[in-house]
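Only one chain is shown below, in structure tokens, and it's the form predicted on its own.
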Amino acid sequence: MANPLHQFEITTVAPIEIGGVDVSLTNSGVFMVLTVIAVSVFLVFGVRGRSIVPGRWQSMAELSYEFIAGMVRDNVGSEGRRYFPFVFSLFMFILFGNLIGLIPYSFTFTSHIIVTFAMAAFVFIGVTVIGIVRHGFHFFTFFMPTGVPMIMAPILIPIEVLSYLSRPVSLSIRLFANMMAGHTMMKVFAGFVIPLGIIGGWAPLTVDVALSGFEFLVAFLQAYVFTILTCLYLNDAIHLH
């Protein structure tokens, strides 16, 4: 039976070395580029017609726009509109990366913790900088809400700081773990189809088909969770408590 974890192996596509530093293009990098191209094609061709009565493609592009615009408006408020392009790009990148990873013999870069942690760290640093720029030193009152007795400070502040610093970890692990677990299960059940033959192979095949449908839902759900948590973190940075 094929190793179900082999699908997550990073391989070099084009070896590149600059100043003694290995910057080779890998299969992960290739599929990131393909994801950006796919998102660009989807949006450019979706809005190219600009019809009053939109077709299917334009409807999907407009629905994606309205979905994220509503998410930002509901969770960040009117002040969050300036950050909409970033939030929208983040959602589409994760969603298309997850969906492309469901194509047989493709690569799911969102199943690697280094990729998801890089995105989560960028969000974490970004919202922290936004909070400090907007509020100055008042931003640090986020770790000690007003109205809390000072006697609670030695206990509350470390807990709040630890909770705040754990955000990029939890955000990255949630996406990575769900994508990796789902693809591993699909590979495991697929590996039983041929060995069990015609008589017994239908059972794992049925499970694998069901898992494939479930993974489509997970692909969207994980992109949604990552994005809405980004909006909530952004809301905290803008409005504090």
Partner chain sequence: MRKSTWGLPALTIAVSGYVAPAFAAGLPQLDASKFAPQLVWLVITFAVLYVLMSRVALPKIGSVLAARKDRIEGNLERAQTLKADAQALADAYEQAIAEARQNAQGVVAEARNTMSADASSRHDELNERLSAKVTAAEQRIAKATQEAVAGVRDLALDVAATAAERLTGDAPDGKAVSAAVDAVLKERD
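This is a predicted model, so every value here is computed, not measured. Numbering follows the first chain given and starts at 1.
Omitted from view is the form predicted in complex with the partner chain, to which the following refers.
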Would you check whether the partner chain, in the predicted complex, lies within 4.5 angstroms of a non-hydrogen atom from each of S28, P54 and V188?
yes
Only one of 108-116, 130-138, 71-79, 159-167 sits within 4.5 Å of the partner chain in the predicted complex by heavy atom distance, namely 108-116
- Task: Look up in the predicted complex whether I194 has a non-hydrogen atom within 4.5 angstroms of the partner chain, and give yes or no.
- Result: no
- Query: Does at least one non-hydrogen atom of F142 fall within 4.5 angstroms of the partner chain in the predicted complex?
  - Reply: no
V21 versus the partner chain, in the predicted complex: is there a non-hydrogen atom within 4.5 Å?
yes
Should I198 be counted as a contact of the partner chain in the predicted complex, where contact means heavy atoms within 4.5 Å? no
Residues in 54-82 that come within 4.5 Å of the partner chain in the predicted complex by at least one heavy atom, in order, are P54, Q58, A61, E62, Y65, E66
